[in-house]
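Let's start with one chain on its own, the form predicted on its own, as structure tokens.
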Amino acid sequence: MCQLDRFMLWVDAVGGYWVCLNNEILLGQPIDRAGVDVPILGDLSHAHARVRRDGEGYLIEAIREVRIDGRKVAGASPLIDGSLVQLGPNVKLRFRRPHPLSATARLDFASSHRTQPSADAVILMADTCILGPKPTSHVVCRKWPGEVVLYRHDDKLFCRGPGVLEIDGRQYAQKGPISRDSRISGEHFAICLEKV
């Protein structure tokens, strides 16, 4: 298991993203005893649904009421890019696989609900998370001139980007290790990780 199983990713002038590294995550209410991976403020059960990365694809398993594109889910059902997932009567998430060569996915909020603490989206990180100006980036940073990549290697997390990176006060040429509560900056960007 990686050194972090989930964290908030704050991207300066872009937003905050709840990042989950596990192959299986539990969605539900932000109740201490529930032990959910993605706590969502909404009319949900304390443990409402599981999302599982299965090879290159994703499945959602209904524990309580789940609908995909309006159809009720019984048991497990595959998720495809663009699927609208409804949890309970009101919580809606759009499942996205923006990069065709990456198994990382994103859950965008299609309703006014948010995680606790609040995030703009949930990143289901496989091996890489691409931040950059292209629409195929997992986190779209329109004003950035190039891409920055968070990635896993030997059960640890690293950051790769153009030029010199400053990670936790140290300088690295194009790539370096990141850890809990890392602060990372380059010529045109600044991001930080925060334990949740």
Partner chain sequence: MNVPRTQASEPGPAAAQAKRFTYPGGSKPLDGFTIKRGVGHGGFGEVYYATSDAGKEVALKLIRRSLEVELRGIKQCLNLKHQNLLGVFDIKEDDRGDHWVIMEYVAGDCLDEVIARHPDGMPAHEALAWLSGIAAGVGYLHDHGIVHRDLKPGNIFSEEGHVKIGDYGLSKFVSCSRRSGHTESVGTVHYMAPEVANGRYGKEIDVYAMGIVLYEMLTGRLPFEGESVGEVLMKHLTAKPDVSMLEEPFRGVVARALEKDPAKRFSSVEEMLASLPIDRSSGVLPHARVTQAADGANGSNGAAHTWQAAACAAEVRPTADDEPILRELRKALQSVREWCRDSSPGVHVAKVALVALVVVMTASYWLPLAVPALFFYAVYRIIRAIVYPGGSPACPRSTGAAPVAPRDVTRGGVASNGASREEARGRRHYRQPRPYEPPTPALIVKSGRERVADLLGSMLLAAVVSIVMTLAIAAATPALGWQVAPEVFAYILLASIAGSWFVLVPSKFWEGTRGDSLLRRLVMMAMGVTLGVFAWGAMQWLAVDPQDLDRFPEDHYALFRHARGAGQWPLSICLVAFGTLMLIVRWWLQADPLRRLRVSLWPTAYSMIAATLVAMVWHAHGWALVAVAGIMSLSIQVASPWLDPRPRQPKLKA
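Positions refer to the first chain, counted from 1. Predicted model only: the values in this text are computed from it and were never measured.
Below, we turn to the form predicted together with its partner chain, even though it does not appear here.
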So, P177 and its partner chain: in the predicted complex, are they within 4.5 Å at any heavy atom pair?
no
Under a 4.5 Å heavy atom criterion, is I31 part of the interface with its partner chain in the predicted complex?
no
Distance check, V73 to its partner chain in the predicted complex, heavy atom within 4.5 Å
no
Can you work out whether S112 and its partner chain are in contact in the predicted complex, taking contact to mean some heavy atom pair no more than 4.5 Å apart?
yes
Choose one stretch from 22-30, 134-142, 167-175, 43-51: the one whose residues place a heavy atom within 4.5 angstroms of its partner chain in the predicted complex.
134-142
Contact set, 9-24 vs its partner chain in the predicted complex - heavy atom within 4.5 angstroms
W10, V11, D12, A13, V14, G15, G16
